Structure formats: C-alpha cells, structure tokens
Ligand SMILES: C[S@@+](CC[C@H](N)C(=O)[O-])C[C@H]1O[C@@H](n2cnc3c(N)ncnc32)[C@H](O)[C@@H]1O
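This document opens with one chain alone, in structure tokens, the form predicted alone.
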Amino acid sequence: MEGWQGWDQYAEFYDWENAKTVGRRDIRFWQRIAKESGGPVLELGCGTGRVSLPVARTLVRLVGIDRSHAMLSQAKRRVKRAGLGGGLLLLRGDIRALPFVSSSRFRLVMAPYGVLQSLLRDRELREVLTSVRDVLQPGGIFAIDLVPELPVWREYDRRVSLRGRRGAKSQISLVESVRQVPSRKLTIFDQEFIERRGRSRSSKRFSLAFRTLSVHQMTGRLRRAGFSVVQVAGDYRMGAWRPEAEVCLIVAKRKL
C-alpha cells in the first residue's frame, strides 16, 4: 500500500469528518507561526484547505501543495467562496520532490496534522526532508505536527465511529475498522462512508495508512537532513512535550 492511496476517495468526506474530530484546535498555532515568519509559507499536504485558508488570511503569500486532485478541487472551491484572490496558490505535486525551480524561497514550511506519517518508507521521508531543506531560506523554519498515539490505537472491526447530518437532507455514517501492522509500524484505517438521502443510499470504501514516527526518530532524521531542532511541544500552546501528549509539534530550523 502507498501512503497517497485513498485520499481522492476521502476528499468528499474529509471536511465533514474533521469538523467532528480535529475541528479548528490547531488553527491558531499555524496562524501564529505563519505570521511570525512573515512569509512566504509553504504547506505540505494542504488537502481541502482546512489549514491553508485561515492561515492565508494572516499572510501576503501562501502556497499549498497536495497530490490529490479531488482534495485540491475542494480547496479551490473554498478559496473562490472566500474571495482570497492571489494570496493563496494551490498546486498539485509530490512533496517528495517539490516543484520549485528557485531554491530558498520560503521562510516557513508547514506539515500539519500527521501529513509526514503518510510517508510509509524511510526513503520517502528522507526525500521530503531534503526537498524541504532545499526550498527553505537559510534559517527558515520547518514546523511539523505528528500524531503520536497511532501505535496504541486499539484494533476493531466495522464499528460505527461517527454519525451525523450534512446539509438538510443528507445523513452520513462512518463505519471503520482499524488494523495494526507492527512489523512496518503502520496503522491502517479501513473506512466506509454511508450516505442516505431520503430512500437512496450510497457508500464509498477506501483505506488510509499512517506510519508511527517517534520524537526521537523524527528529530534524528531532521538533524541528519541539515536542520537544528528548536523546540518539541506537546500541545498547540507550545507546552512541554510529554509521552502521554495527544500531539507532537516539532519546530526545526534550516542550518545556515
């Protein structure tokens, strides 16, 4: 399985699910660090624009990149409705080889909400870190949000994990299974979104895979890629990291 698989199918339901889970609890952190950088800013895995749009309102220039055409289509519709104009540029591309001709163009690169954990192999992570280093200005910041609880996620089979309305006529249920692959440090979510509109019923099935990356592993790889680690935090207010924290924020700086 490849880490990019499943995201096109997920795009239709991504905003609905995340409104019920993550919500906006990380947004102020990304707005603050982006504003402090002064821009320009690059967001890896911008998806439907959940982070990009609110951050773009605080900046002159933000570029979002994602591999999923369906995710970017959702984001572009949101940008048009928001009337953000040229302040936010959305590109389709591979974060393992960022498509920018000129080097050292960004002052901040953001990797929100576990996007680097969709890289299922060490080689892919090395490629991303090298590519990010090359597009950052010397002294530029690379900020990473990891989900540390993946390896302790309990396995279960076909559980209704979410249910709710979307709009006036649509009722959605998420039927989910969780599988652990300890040998590869993978957590796989098999998802089925069932939508009911009156008497009609439709469903979409797909799987998403995420890789466990510990603080030690991630900071070590950053140092080897040419970064110095500035801070490791355990919440979006930049409180101290602790093993039981629900998030892991790593702020690194490209060496001069």
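One-based numbering along the sequence shown. Just so we're clear, the structure is a prediction, and the values are computed from it rather than from any experiment.
The following text describes the form predicted together with the named molecule, which does not appear among the structures shown.
- Although the partner is absent here, Leu88 sits far enough away that none of its heavy atoms falls within 4.5 Å of the named molecule in the predicted complex.
- Although the partner is absent from this view, Asp94 contacts the named molecule in the predicted complex, with a non-hydrogen atom inside 4.5 angstroms.
- Taking the partner from the other structure, the named molecule in the predicted complex has a heavy atom within 4.5 Å of a heavy atom of Gly47.
- The named molecule in the predicted complex is approached by Ser118, whose closest heavy atom lies within 4.5 angstroms of it.
- Comparing 50 to 58, 183 to 191, 218 to 226, 33 to 41 against the named molecule in the predicted complex, the single stretch with non-hydrogen atoms within 4.5 angstroms of it is 50 to 58.
- Of the residues in 52 to 73, those that come within 4.5 Å of the named molecule in the predicted complex through at least one heavy atom are, in sequence order, Asp66, Arg67, Ser68, Met71.
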